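Coming up is one lone chain in structure tokens, specifically the form predicted alone.
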Amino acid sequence: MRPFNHINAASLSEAANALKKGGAVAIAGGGDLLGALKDNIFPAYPKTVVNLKSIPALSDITADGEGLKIGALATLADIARSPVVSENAKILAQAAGMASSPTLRETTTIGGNLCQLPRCWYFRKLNNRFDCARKGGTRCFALTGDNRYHSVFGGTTFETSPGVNRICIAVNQSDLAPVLTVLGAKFKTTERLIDAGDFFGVGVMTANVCRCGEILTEIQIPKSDFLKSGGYRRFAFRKSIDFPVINLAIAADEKGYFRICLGGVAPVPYRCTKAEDLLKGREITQELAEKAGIAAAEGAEPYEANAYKVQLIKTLVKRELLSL
């Protein structure tokens, strides 16, 4: 690692001001950032690391008449074993308890899991070997390279510099993103309140829509009928440590309305609206679950190396619906 300045922020305003100066990055659990610093993947190495864990009251987990509130610094382990989370949003506790490994869950924060940088191997290559579009470069190397873990629902075009647009097909692999999307969560930052479905995005060195100096502070899950029934499922090659190749969250209310969201299949969490419409108000049967799986995969345009993901989508959706 190269030398850098380190700031223990005493408040959100101090942290935001430090980050707005440029050349600075925030750190919470450090699971994502420390690896990125060691591997030297940044186009410009950060001059300053701003510690958010020194800010009080950002790891609280509470519930009231409006719903559940989780501080962005709450760890995955805190969430997985919290009786408040289990009572109010069971599938969130389930997903948090399946992410990463038992040891890493003790330090990884919910904010870090949601804001992590892409896992694409071109983006993560040691010493910034590939100057890819996601770093402000000229191209997405995965388009014609090794894309076995990349998007099957196309790429996202974004501005890499004024007037210059590029495409990226790296996927969002957050374990908690699909869950919070189907639960209708809202993400509170130092500047605004953002719906979960609008929070994730594609940009240079970012996977969300937060502006420079804007900090995620709290996740709010409102009271809803969709909290009463749901499930989470993930597919990974190893039971522990691995990021999900595909993960899935489903929530349903008492009227038979469904919300289905996939991770690992697109640059942002992917809502399966066609499958949701198919299921609306109907009793789940073997045949209907199979049709819903097919509907969830409709529109996929995989590459030869990741065509297997289409069958995974169909199978995971079918199995989770039948298990509800």
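A quick note: this is a predicted structure, and the numbers were derived from the prediction, not measured. Each residue number is its position in the shown sequence, starting from 1.
Here the subject shifts to the form predicted in complex with a small molecule, a form of this protein not shown in this document.
- None of 253 to 261, 274 to 282, 29 to 37, 287 to 295 except one has non-hydrogen atoms within 4.5 angstroms of the small molecule in the predicted complex; the exception is 29 to 37.
- Mapping the unseen interface onto this chain, residue 230 falls outside it, with no heavy atom inside 4.5 Å of the small molecule in the predicted complex.
- The small molecule in the predicted complex is approached by residue 243, whose closest heavy atom lies within 4.5 angstroms of it.
- Of the heavy atoms in residue 78, none are within 4.5 Å of the small molecule in the predicted complex.
- Proximity of residue 183 to the small molecule in the predicted complex: non-hydrogen atoms within 4.5 Å are absent; the residue sits far from the partner.
- When you look in the predicted complex, the only residue of 152, 91, 221, 72 with a non-hydrogen atom within 4.5 Å of the small molecule is 72.
- Scanning 204, 194, 209, 104 against the small molecule in the predicted complex with a 4.5 Å heavy atom cut-off leaves one residue, 104.
- Highlighted residues 148, 301 and 324: none comes within 4.5 Å of the small molecule in the predicted complex, counting any heavy atom.
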